[in-house]
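Alright, here's a single protein chain in two forms, structure 1 and structure 2, each given by itself as structure tokens.
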Structure 1
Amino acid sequence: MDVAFIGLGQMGSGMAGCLMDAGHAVTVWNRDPAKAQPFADRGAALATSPAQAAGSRVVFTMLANDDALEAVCFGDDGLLAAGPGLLHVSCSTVSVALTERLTQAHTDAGQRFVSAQVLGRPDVAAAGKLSIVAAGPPADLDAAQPGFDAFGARTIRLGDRPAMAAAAKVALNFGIAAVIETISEQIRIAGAHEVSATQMAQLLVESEFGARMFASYAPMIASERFEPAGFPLYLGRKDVGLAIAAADGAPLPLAQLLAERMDAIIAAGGGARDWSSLGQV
């Protein structure tokens, strides 16, 4: 497959690497060109703008937030200026509102657009084992599937509206934040009675709690390994905010509480630590 990959941060670099490993012809663009150079050294083509990266190919984007995705799509030399034909596969965790706006804008430009949200941290991305939650017209998802197969272990399709995947993703990430806070408080409760954090983490991994989320976060929290951040808390705060916005005014008291805690940690200078530090006092 002839693909472009835009956004070579912690997640995108692993995903683009998997596309190259799978033998796809990859063109890359990143705002900071230094992050694109290692891909050129491996044989990827270097583009000078998102529009140039696009051509009429399948274009994957993996960018920090709404502002970044807007810049890459609506900016001068952005994807929407690339002409008709391209298929934009949006993997960044962004708002439902922007996802809906992009669905319309790409259609107006004679282009195609799907949302393919990814679950898993940077090491999982680099290993090609992400879970992909996708939504968009089935033929467009089919066209993107070889890419999903390169960086993902499984793809779950939700329906034909890209906004469905965006909404499901922020709901899932809110759930991870709630699990992190829960584990931290469980460790604190038992710790008040000489149960060590390691013992409590082991219980969480080995008991009925040992679902994948508990099993991956409990050891991280117990060992207080918060740096380097695989997923910094400021990005997690973005996602809880996106979840609150996606609920269209429905009450989310737990999400509000988590947002307030995250704001306090960011104000105290802890936003760059991994979001598994969320429950620390």
Structure 2
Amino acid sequence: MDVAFIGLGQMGSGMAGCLMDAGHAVTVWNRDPAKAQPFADRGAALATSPAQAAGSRVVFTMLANDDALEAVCFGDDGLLAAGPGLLHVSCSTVSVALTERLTQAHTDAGQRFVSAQVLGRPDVAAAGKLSIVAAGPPADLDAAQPGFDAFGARTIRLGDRPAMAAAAKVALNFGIAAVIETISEQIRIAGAHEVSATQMAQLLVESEFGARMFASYAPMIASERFEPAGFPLYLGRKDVGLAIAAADGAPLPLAQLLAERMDAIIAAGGGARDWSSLGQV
């Protein structure tokens, strides 16, 4: 595949390297040309602008934020100025609003656009083991699939609207932040009683706590299957209260928020429902 890659930061450099390793003809462009030179040394072509890179007709972008992606697409010599026929595959974590705007702008320019969000850290990208969450017209996803296969271990297609993938990615990244806070509070609660952070971390890993919780509760929340209760909310509220008390005053903002939410549901008559009913609107 004749492909261009724009954005050679920690993630993009690994992804572009995988495309080269897979034998694709790669053109690169980066705002800082010094980051592109190692790829030229390996045989990649150097573009002088995003529009020139778009001569490859399939362009992957991996950029830091909305502003960077807007500049590459709407700026002078940007992708939208490259003429009809281009397929732009956006791998950047950006807003749903910008994704929708780009979908329309590329259509107006006679171009194609898909969102292909990637899950994994830089080492995973360099190893070609990313998980890809993609959305866009099926034929356009098919055209991008050889690239996905180069830097990804699996591709999950959500639908034909690029905004679907953008929304899923920001939801997943929010979840990472929530998990980090959850782990931090679990360590504080146990740590107040001489359980070391290392011990608690080992317990979470060895019990596969996260995987079991997601596998158990995600389907229940998705289907709103809150009755009959496997574990009623009023007992869950008791346990959250016990955790707050056990922390001996350590800050537990998430636990406090959960207690307030549980109290509201119980006050509304929902205490006997499964505690997964925390997922109700």
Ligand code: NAP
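Counting starts at 1 with the first residue of structure 1 and goes up one by one along its sequence. What you are looking at is a predicted structure, and each value in this text was computed from that prediction instead of being measured. By rigid core we mean the largest C-alpha set that fits within 1.5 Å across both forms.
The form predicted alone appears here as structure 2. One rigid block turns against another between structure 1 and structure 2, and the hinge that joins them sits at 210, chosen from 127, 210, 228, 65.
The angle of turn of the smaller rigid part against the larger, between structure 1 and structure 2 and from C-alpha superpositions, comes to 178 degrees. On the core-superposed pair, the CA position of residue 254 changes by 7.2 Å between structure 1 and structure 2.
In the core-superposed comparison between structure 1 and structure 2, the CA atom of residue 274 travels 35.4 Å.
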